[in-house]
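Shown here is one chain on its own, the form predicted on its own, set out as structure tokens.
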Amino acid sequence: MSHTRKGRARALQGGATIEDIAASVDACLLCGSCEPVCPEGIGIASMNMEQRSKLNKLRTNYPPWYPKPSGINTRIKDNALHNSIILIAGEYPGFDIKAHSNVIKLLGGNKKVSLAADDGRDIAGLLEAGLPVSQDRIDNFIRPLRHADKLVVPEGLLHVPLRKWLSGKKVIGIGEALLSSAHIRKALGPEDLYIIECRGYHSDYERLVKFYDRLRKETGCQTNLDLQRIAIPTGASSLQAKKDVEAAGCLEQARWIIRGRSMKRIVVEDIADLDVFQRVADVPVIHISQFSGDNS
């Protein structure tokens, strides 16, 4: 209970200070799975980030997994992108230029899709930690994106702020973007376990729960959704996991997700989940960007 939003609220009501509950505030992995099941419809993830922001104003020692409080203000030179689809993805272990090229090809070819020079990864980290992001940094990030019709964003934590900063733009995850093509969906089958990226999914739950339910019915694939259709997270994309994936509980979560399942392959949307499931599973684990539409 002490690690829940309800527990923190009760502690504060009972006279605890924000510093007294610092360990609980820092423990949240911001997967967003609490929001869709909240009976009051409260934006719990954003409230948790606000609590971190309040805590950061008081403490002098930050957790070792925090980004630098000063943030990054470097402007990345990039002209406005006029293609209808922009992929906002940086280079991660296992998700490099080759993966970007494959995603662009799968999304419709070079004539329709551009790769943004700025992936906003530093912004996501600062928001997650509850640290300030300068308006100049935000402006530099979104300026090249204003002319796009659709933004494909693998980092789920950026979905909500991008919808706010670029009102009217369609912001979707890499899984939805690729699975919207019938020939990609055909690569999935009943012996696949498909791992949905949690942050983007929960940020647009009412719409995406229908999208992935159709996917499951059409392909027969298994997913990491529970009985309430909430995506069970590993937490692999969290700041805590970037510091120590095992201490953050990600391996334990991944083992729980696959326990008792019969599958021949695991397909992940979140590139951070690739390493986690490769450590705990004895079947092939691939990222959705590795699909060609005729995979077996």
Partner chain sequence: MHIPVFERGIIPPDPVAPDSLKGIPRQKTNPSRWQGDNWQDFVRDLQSRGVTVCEGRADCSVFMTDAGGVAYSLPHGVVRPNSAEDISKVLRAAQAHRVPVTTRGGGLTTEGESVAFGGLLLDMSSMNRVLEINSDAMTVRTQAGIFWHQLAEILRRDNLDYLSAPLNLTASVGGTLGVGGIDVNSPRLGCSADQAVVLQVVTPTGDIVNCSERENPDLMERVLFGYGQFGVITEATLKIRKFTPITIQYFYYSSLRTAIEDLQFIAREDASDYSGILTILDRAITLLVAFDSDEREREFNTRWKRSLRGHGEAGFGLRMAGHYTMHPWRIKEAAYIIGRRFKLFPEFWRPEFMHHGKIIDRTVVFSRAVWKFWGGPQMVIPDLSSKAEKFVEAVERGNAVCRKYFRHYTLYCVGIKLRGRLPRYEMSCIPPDASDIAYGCEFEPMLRGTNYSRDYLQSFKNEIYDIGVDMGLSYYRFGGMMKGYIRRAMGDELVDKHLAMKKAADPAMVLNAEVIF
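Just so you know, these numbers come straight off a predicted model, no measurement behind them. Residue numbers count along the first chain shown, from 1.
Below, we turn to the form predicted together with the partner chain, even though it does not appear here.
Asks: Within 4.5 Å of the partner chain in the predicted bound form, heavy atoms considered, which of K112, K186, R216, H147?
Replies: None of the others qualify; the residue that does is R216.
Asks: Would you mind picking the one in V209, A89, A124, I85 that has a heavy atom within 4.5 Å of the partner chain in the predicted bound form?
Replies: None of the other options qualify; the answer is V209.
Asks: Spell out, yes or no, whether the shortest heavy atom distance between I21 and the partner chain in the predicted bound form is within 4.5 Å.
Replies: Contact check for I21: yes, within 4.5 Å of the partner chain in the predicted bound form.
Asks: I'd like to know whether Y205 contacts the partner chain in the predicted bound form, with contact meaning heavy atoms within 4.5 angstroms.
Replies: Within the cut-off, so yes.
Asks: Is W256 part of the interface with the partner chain in the predicted bound form - any heavy atom within 4.5 Å?
Replies: Although the partner chain is absent here, W256 would touch it in the predicted bound form, with heavy atoms inside 4.5 Å.
Asks: Does at least one non-hydrogen atom of N61 fall within 4.5 angstroms of the partner chain in the predicted bound form?
Replies: No, N61 stays farther than 4.5 Å from the partner chain in the predicted bound form.
Asks: Within 4.5 Å, heavy atoms only, one stretch in 267-275, 39-47, 25-33, 237-245 touches the partner chain in the predicted bound form. Which?
Replies: In the other structure, the partner sits against 39-47.
Asks: May I ask you to list the residues of 11-37 that have any heavy atom within 4.5 angstroms of the partner chain in the predicted bound form, in sequence order?
Replies: The stretch touches the partner through A11, Q13, G14, G15, A16, D20, I21.
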